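In structure tokens, the next block holds one chain alone, the form predicted alone.
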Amino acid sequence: MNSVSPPSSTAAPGASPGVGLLRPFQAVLLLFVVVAGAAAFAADLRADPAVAWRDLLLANAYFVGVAVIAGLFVAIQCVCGAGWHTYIRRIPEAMISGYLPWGLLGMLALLAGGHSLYHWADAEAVAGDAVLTAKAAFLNPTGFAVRTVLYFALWIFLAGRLIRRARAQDATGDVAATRANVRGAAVFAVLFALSFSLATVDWLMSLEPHWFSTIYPWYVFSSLFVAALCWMTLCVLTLAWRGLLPQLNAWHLHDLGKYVFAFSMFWGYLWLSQYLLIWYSNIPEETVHFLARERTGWWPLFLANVGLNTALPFFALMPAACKRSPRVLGTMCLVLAFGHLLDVYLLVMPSALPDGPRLSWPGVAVWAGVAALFLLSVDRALRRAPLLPARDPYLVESLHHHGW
């Protein structure tokens, strides 16, 4: 396979602004899904506030992670001096610049449901609990809100600076912008590690404030890194199928597939490491997290999570030919995108539903609405600049990317 061929090749290659991910009727349909999701959230909020707020947290935290890690992906390539990704770089740039402002609004909205979501947000509960009292200097509504705003401000500023320099290079062709972005990308990567670790503790681990794991931020990062790679690859394949990336070839897909495969194995390694360390130490304040997911109706999903997100990609993406196949890689990315949604679901929901999972159509609608908002925001961001970074010094290398 030398390229990904669309059903017809009449579309423009994306050399000018106005090229998006979605066709007009798809954008209208997704807008209706967003409205339906908002209505479902409002209905669920009246019926069961604790579950409704968790549904919103699940969806928003998942896509915030996908968006900001897409920006990290660009930063990693810049720091490494990689050129292969240049042809598809606009997609991860659109993911972070498009969704993060919406993600901030979603996280701030969660402050209204703080008491339903977080045990530590209830002053009376904190006063009667020695553990929560000891953690109150960090886990409190004011600190949560301030840190959340700071996380997003940091990510939006640093990613925005990388993207603005790249856009300026489109106009001027200044090679110095690439060198400046190497330094900016290094700063982004370092500050991301600190800020994302704290964000996972704030948003997710503090749902069970008596439990802790020092590997937890790495675990969440690895899960959402796979999800980000999958959404990025699906967007690339969609644009290629429409004829907007005519020079996408098998080696671009191979590199994306290697990333998906490698980080799927890394996630599996961290899952096993966390589980075994807690299992053989057998300390009650650590095992409570896994007991809640093993001794109830959560057990089948707990096992399915490992099989879906590690065993399946191990066999499906091990052969090089599978990584280069748009059909196989696209199918696996779709499966893993939902597989890691399941992983985040298992982090968020069991403490609210101790007897086991409960299918909630409002919950599905809320997630679908946030997913639709994510795709609409990516589409809008893509239309702001040419799909092809025509004056990037690495573009020629990327267009002629090949393996050996």
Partner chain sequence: MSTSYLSDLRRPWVDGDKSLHQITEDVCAPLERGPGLLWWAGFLLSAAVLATGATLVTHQIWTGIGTWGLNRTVGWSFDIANFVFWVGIGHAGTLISAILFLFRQRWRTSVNRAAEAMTIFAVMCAGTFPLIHMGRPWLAFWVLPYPNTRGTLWVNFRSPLLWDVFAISTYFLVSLTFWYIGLIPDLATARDRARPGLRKRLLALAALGWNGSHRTWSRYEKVYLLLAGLATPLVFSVHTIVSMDFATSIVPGWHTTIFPPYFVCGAIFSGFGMVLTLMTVARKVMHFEAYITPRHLDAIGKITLLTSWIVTLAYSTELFTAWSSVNPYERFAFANRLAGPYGWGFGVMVLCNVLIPQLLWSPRVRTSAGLLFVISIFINIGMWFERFVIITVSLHRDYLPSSWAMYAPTYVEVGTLLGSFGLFFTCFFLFCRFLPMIALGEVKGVSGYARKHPDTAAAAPGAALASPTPEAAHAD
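Predicted model only: the values in this text are computed from it and were never measured. Positions refer to the first chain, counted from 1.
What comes next is about the form predicted in complex with its partner chain, which is not displayed.
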Quick one: of W84, F225, F152, Y118, which gets a non-hydrogen atom within 4.5 angstroms of its partner chain in the model of the complex?
W84
Taking heavy atoms only, is Y280 within 4.5 angstroms of its partner chain in the model of the complex?
yes
Check T214 for me: does it contact its partner chain in the model of the complex (non-hydrogen atoms, 4.5 angstroms)?
yes
If we define contact as a non-hydrogen atom of the residue within 4.5 angstroms of the partner, is E294 a contact of its partner chain in the model of the complex?
no
Applying a 4.5 Å heavy atom distance criterion, does A123 contact its partner chain in the model of the complex?
no
Given 240 to 248, 301 to 309, 92 to 100, 76 to 84, the stretch touching its partner chain in the model of the complex at heavy atoms within 4.5 Å is 76 to 84
From first to last in sequence, which residues of 258 to 295 have any non-hydrogen atom within 4.5 angstroms of its partner chain in the model of the complex?
K258, F266, Y269, L270, S273, Q274, L276, L277, I278, Y280, S281, I283, E285, E286
